[in-house]
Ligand SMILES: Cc1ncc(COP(=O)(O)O)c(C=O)c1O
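Quick setup: one chain, the form predicted on its own, written in structure tokens, and binding and motion questions come after.
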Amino acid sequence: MDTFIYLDNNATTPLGTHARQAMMEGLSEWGNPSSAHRLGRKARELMEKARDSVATALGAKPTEVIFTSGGSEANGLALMGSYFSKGDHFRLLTSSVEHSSVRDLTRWLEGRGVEVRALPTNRQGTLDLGVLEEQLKNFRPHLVSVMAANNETGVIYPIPEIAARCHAAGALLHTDAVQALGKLPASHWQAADMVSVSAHKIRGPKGVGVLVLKGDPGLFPTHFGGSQETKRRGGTENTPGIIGFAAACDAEIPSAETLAQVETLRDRMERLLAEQDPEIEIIAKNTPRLGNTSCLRVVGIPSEILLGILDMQGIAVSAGSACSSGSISPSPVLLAMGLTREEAKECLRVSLGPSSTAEEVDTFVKVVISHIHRIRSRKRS
């Protein structure tokens, strides 16, 4: 194929022209924003202007925005900062389908004696809010951490309802909204006490994210070395990255109309695949999902085979989370949803972007179906 078809937007998005231009301009203001002289003051001015833009996109106040190196660090700051604040009696409730940055950290906490419980999901990826209320009453967690939308399946979680139940029980709520930013309105996560996001999911630069922190829950810093970010995250800020994040927030977040067009394209892709191969299962098809995301199980064919073939054909998709794509192990998220190890290894993630076209989707469907049929016919012979 002469052109490259990119259908892995949940892993990352290309750097947008607005963000790139803003970063180039920001690089010329090389002063340390903590310095008192004119170079430092200019850098600080640009950074605080950027903070305003990011806060507006997140439905937050500028004083609530803490810049980090990305979504994973923001998740770590929320969970570890809460743990260090509460000490040995800290109790954490999360879900069984969180991103690896949360999932791996919960294991670290458990190794230090922290009580951690995970809310189960069914094969459609949904949470039982009745079970949540039971855990809030009996387990009495200090912090609940539930993602706003799953990066592998696209399943959307009811953060406003979860927040209401947590607050009624006296618990704080953190939500990983990394995949939700740019795909859901800010009102979806605004009720949470802490919110993690990342710039590179909305055509901003890699290496910069945010933890929105509301009120003063006594969050203990996990990075030391200075009083930056209201003493929550020490270290010289990534000023060009922050400026690029702001530019992406100002110019790259898709409109509701564009998001609807992407969802229509995704639905068309799933319909065409189902029509041409009834052995393709759409994971969480009947659950509210991000409009750009499709998790496809191709029965009987390991995803790593199709990934390699598609890559050689100039088509980029993934097998679950990008953070675990180097492993042939089945996705922990899909296993938690009740898929067997064999079924989980048969899943592809296709994630469209605002620039995805009908021609690209049609080409993907044509190529993947032809190889699926070829592989199946070879197996039968």
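One rule holds for the numbers: they count along the sequence shown, beginning at 1. Bear in mind the structure is a predicted one, so any value in this text is a computation, not a measurement.
Same protein, other form: the form predicted in complex with this ligand, not shown, and the subject of what follows.
Trainee: Which one, 302-310, 176-184, 213-221, 104-112, holds residues whose non-hydrogen atoms are within 4.5 Å of this ligand in the predicted bound form?
Mentor: Comparing against this ligand in the predicted bound form, the contact stretch is 176-184.
Trainee: Classify A247 as contacting or not contacting this ligand in the predicted bound form by the rule of any non-hydrogen atom within 4.5 angstroms, answering yes or no.
Mentor: No, A247 stays farther than 4.5 Å from this ligand in the predicted bound form.
Trainee: Is Q261 part of the interface with this ligand in the predicted bound form - any heavy atom within 4.5 Å?
Mentor: No, Q261 stays farther than 4.5 Å from this ligand in the predicted bound form.
Trainee: Would L93 show up as a contact with this ligand in the predicted bound form if we use heavy atoms at 4.5 Å?
Mentor: Answer no; every heavy atom of L93 is more than 4.5 Å from this ligand in the predicted bound form.
Trainee: Taking any heavy atom pair closer than or equal to 4.5 Å as contact, tell me whether R233 reaches this ligand in the predicted bound form.
Mentor: Flag for R233 set to no.
Trainee: With this ligand left out of view, choose which of Q190, Q124, Q135, S72 has a non-hydrogen atom within 4.5 angstroms of it in the predicted bound form.
Mentor: It is S72 that has a heavy atom within 4.5 Å of the partner.
Trainee: Considering non-hydrogen atoms and a 4.5 Å limit, which listed residue (R289, R266, H99, R203) is close to this ligand in the predicted bound form?
Mentor: Among R289, R266, H99, R203, a heavy atom within 4.5 Å of this ligand in the predicted bound form occurs only for H99.
Trainee: Looking at this ligand in the predicted bound form, is some heavy atom of each of N10, M147 and S198 within 4.5 Å of it?
Mentor: Every residue of the spot touches this ligand in the predicted bound form.
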